[in-house]
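The chain below stands alone, shown as structure tokens; this is the form predicted on its own.
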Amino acid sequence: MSNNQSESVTDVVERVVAKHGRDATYMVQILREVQEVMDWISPEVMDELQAALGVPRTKIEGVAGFYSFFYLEPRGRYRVLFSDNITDRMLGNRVLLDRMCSNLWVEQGKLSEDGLVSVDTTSCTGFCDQGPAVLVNNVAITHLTDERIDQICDLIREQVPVVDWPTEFFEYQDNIRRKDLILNSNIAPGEAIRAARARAMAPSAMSLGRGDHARAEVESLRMRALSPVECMPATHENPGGSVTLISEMRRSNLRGRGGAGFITGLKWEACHNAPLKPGQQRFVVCNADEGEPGTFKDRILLNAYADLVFEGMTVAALAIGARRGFLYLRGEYRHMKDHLEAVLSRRREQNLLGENILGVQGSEFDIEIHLGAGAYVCGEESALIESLEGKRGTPRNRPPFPVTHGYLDQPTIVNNVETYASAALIMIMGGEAYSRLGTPKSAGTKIHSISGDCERPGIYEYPFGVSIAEMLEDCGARNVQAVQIGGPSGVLLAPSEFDRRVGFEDVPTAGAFMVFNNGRDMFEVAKNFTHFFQHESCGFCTPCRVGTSLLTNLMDKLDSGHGSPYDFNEIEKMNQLLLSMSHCGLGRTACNPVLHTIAKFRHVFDKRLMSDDFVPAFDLDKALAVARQMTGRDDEGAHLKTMVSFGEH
């Protein structure tokens, strides 16, 4: 991941482009791999890519300029990105960032004068349970302290390659605190695939029993699944088998675990039934772009349960008749790619991926890993598909939906990591048995990423229907004033609501669960979230691009003591505008954290109001602070004696 002087730009670009078959749909992967060698996307790199791929330079520039992990200016041999999630801030990340900048004589967001290092922030690294955390050249370092920061600074000054840094720097924990169906699973590789084949071959024999006989029938199915099965794969050549698997998913009532909660069986059925034009095929995509601050469950599933996830993707392929799959892995998880590639390689050796899976002629499916490059909006399924196609991650207009017009305009299912893990288990235990877990409208279990003010942050799995109070008790949270569920775009709950229950019929969630005790300023929490939305807006639609900036300005204005009740009306107007006119869910939920905090913690806003009737908007003395810093003066004579304010009455 550092500059390789033995290769010219031409050599690097040619090698990477050739690896990807000179296919411009791999643009994001090509840019990432070239940058990992050359450190940044220089004009010379652009020229070489234009010639090698035969695409307009404007397209290359447009893609490179969209993703925050692509650099169009030098960023140094060492690129340090501090996680700026609210939980990292609560753990003192800003003090540590300032310490590093001071030690290295570098200004945040800029390249050091010697061209060695740059220090900046990224929205969230996915280590909320063990922060403060940083990424150094895409490798995660957690549990930062003053001492560890000083050690890192010494290593950078001595120009020690990151691969030679102390191994303990890169150690992190899964922190699995409570297990249930998924986290207790211990299936053998291929077991879910064999179970799916058995169901496809003899659907009448595969329905689970009820009552006291259910456990015996599950074990019987398990034994049959582990036996060699000579049957046709459930693909588009064997539609009966596909229908059987989809029916099993429908019976399970599994709903997507990415937050939207769409019924998985219906999605698979729509994709399976979508007509194919000549030369087309169907695709399976796993959305591992968990960029929502406070969410890190997918990291644990991919680290410790990768086989289960890949089993679920293969089952989905059998059900819809797909031969190709993609795991879209968020750029912050670059350090996991080698591990996941090793699991895929082993599965190919075990005949669980590739051609003639488990010896069945015509059964073909394989999985590629595509890395994101720092764009939260790519968690939206159509934006993710755009990124898979080598484009800017801009959400598409819908309809048509991905199940009929997805990757390369062909039928595609996109499901969450946890959804595929659940699908694998459903093939083994049966849809009816799975549907009896949880609640009538929310079947199964849900994995939660708990962080913030609690004694035992980490991963907790519960059946749907668990109360907020029980979860707080289990994680050791005390004196809690609020819980943010589902990330910034989710809901904020006050103590009077802790008897509410997790489920699509009450409190839906993609998995984030952030705890704030009585010592936290909830205004600061809401402000952090508004800055997150502004930073992550893709800029495609004006309402979101401008609206998130105006919302951030309003929160900063309130924070500086220049707010008034007038601003609350402006925030409400902004919410209505974003709800009605934003292109995707990011803009439509951007006001949620502010509105929820105003509704439940109005006092933290009121104490920042300077006036009940005046709306000051500009502090001239504060605006001169930059000039004072540049001149090194901060005496009384460098300040205006009377603050000059301009605003509205």
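What you see is a predicted model, and the numbers here were worked out from it, not measured in a lab. Just count from 1 along the sequence shown to find any residue number.
There is also a form predicted in complex with a small molecule; it is not shown, and the following applies to it.
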Could you work out which of S252, T419, S449, S242 is the residue within 4.5 angstroms of the small molecule in the model of the complex, going by heavy atoms?
-> T419
Let me know the one among N415, T530, S387, T125 whose heavy atoms come within 4.5 Å of the small molecule in the model of the complex, would you?
-> N415
Determine whether any heavy atom of Y376 comes within 4.5 Å of a heavy atom of the small molecule in the model of the complex, and answer yes or no.
-> yes
is_contact(G331, the small molecule) in the model of the complex, heavy atom dist at most 4.5 Å | no
Using 4.5 Å between non-hydrogen atoms, is H562 touching the small molecule in the model of the complex?
-> no
With heavy atoms only and a cut-off of 4.5 Å, decide whether G131 touches the small molecule in the model of the complex.
-> no
Interface segment, criterion being heavy atoms within 4.5 Å of the small molecule in the model of the complex, picked from 458-466, 155-163, 285-293, 355-363 | 285-293
